[in-house]
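Next up is one chain by itself, shown in structure tokens, the form predicted alone.
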Amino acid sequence: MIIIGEKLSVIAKRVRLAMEARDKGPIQEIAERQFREGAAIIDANIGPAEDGGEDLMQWMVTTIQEKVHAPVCLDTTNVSALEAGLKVHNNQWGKALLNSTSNDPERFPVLELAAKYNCDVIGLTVGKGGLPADAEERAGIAAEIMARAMEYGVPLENIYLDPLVLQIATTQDQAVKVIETIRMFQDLNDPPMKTVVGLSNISNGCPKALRPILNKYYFLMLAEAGLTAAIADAAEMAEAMHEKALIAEVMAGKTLDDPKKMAEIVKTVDVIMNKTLYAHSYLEM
């Protein structure tokens, strides 16, 4: 499993202020910590960055790779900023990853960049028609992205298909559909297509105490379905791997010595699988 460290995002106040001030300290500290915790790729999310995006992305890539010998996920809707980042990316530590192309014609130029620079690219299975309803619709969009990628000269092995994780608090039924999609994506090609998710989307809007619980268990369920990579908190995912055996035991019908942990696992899995209705207080019910 490839973990793409998610912590360098413009959404975080500390990161945003460091970007604005071109202060390397916080950026490198966060990047190094994620790398130590197990992230193999570092995400650099600069947002839309409509003004000065090219300079900012170049600064982010060089700042990260100055301290961390790992590839960077270039995360922005600004295509010019993506190319600027690719120009300075040090490929001796692996291919850059572009986030992302999709079925929206405005995102087709990202495939041109992926072909030009021989880098990896995330294919988000959405288009101008709105959010996909189920696994079949996601698979249909994925097939279109794959065909388009080949037209642009992007090898299929350079693509990570993203089924789009949605908030469980508002679209609970989609959580299990994404798991089904990960399984379905593996049948689209031989060898199977690589897959990726923005994992923490599952817990957006949930109470702070619940977020790591939902993130960790959902990660393990997606991994079991065949997920290749996750944009996630590396420390949380390391914790999840330590709990993998416990979840397997519970799913196999075994009773744990710790009743609180047992209830946490059963209730969380049931919510993710849409067997019980999500509520912020679901663990207390």
Partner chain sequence: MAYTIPVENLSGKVQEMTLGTAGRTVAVGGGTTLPFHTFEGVKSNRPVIAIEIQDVPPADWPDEVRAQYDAVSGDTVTWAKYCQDTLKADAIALRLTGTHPDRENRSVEDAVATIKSVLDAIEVPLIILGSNHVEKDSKVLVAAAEAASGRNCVIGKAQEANYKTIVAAALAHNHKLIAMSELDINLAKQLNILITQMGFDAARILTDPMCSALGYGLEYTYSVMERIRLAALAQNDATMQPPIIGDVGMYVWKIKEVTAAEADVPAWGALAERGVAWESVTATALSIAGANMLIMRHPKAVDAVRKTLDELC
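Positions refer to the first chain, counted from 1. Just so we're clear, the structure is a prediction, and the values are computed from it rather than from any experiment.
Keep in mind that the form predicted in complex with the partner chain is not shown, yet the notes after this line are about it.
Shown without its partner, this chain lists 90, 80, 172, 118 as candidates; in the predicted bound form, only 172 has a non-hydrogen atom within 4.5 angstroms of the partner chain. Although the partner is absent from this view, residue 17 stays clear of the partner chain in the predicted bound form, with no non-hydrogen atom inside 4.5 angstroms. The shortest heavy atom separation between residue 277 and the partner chain in the predicted bound form is within 4.5 Å.
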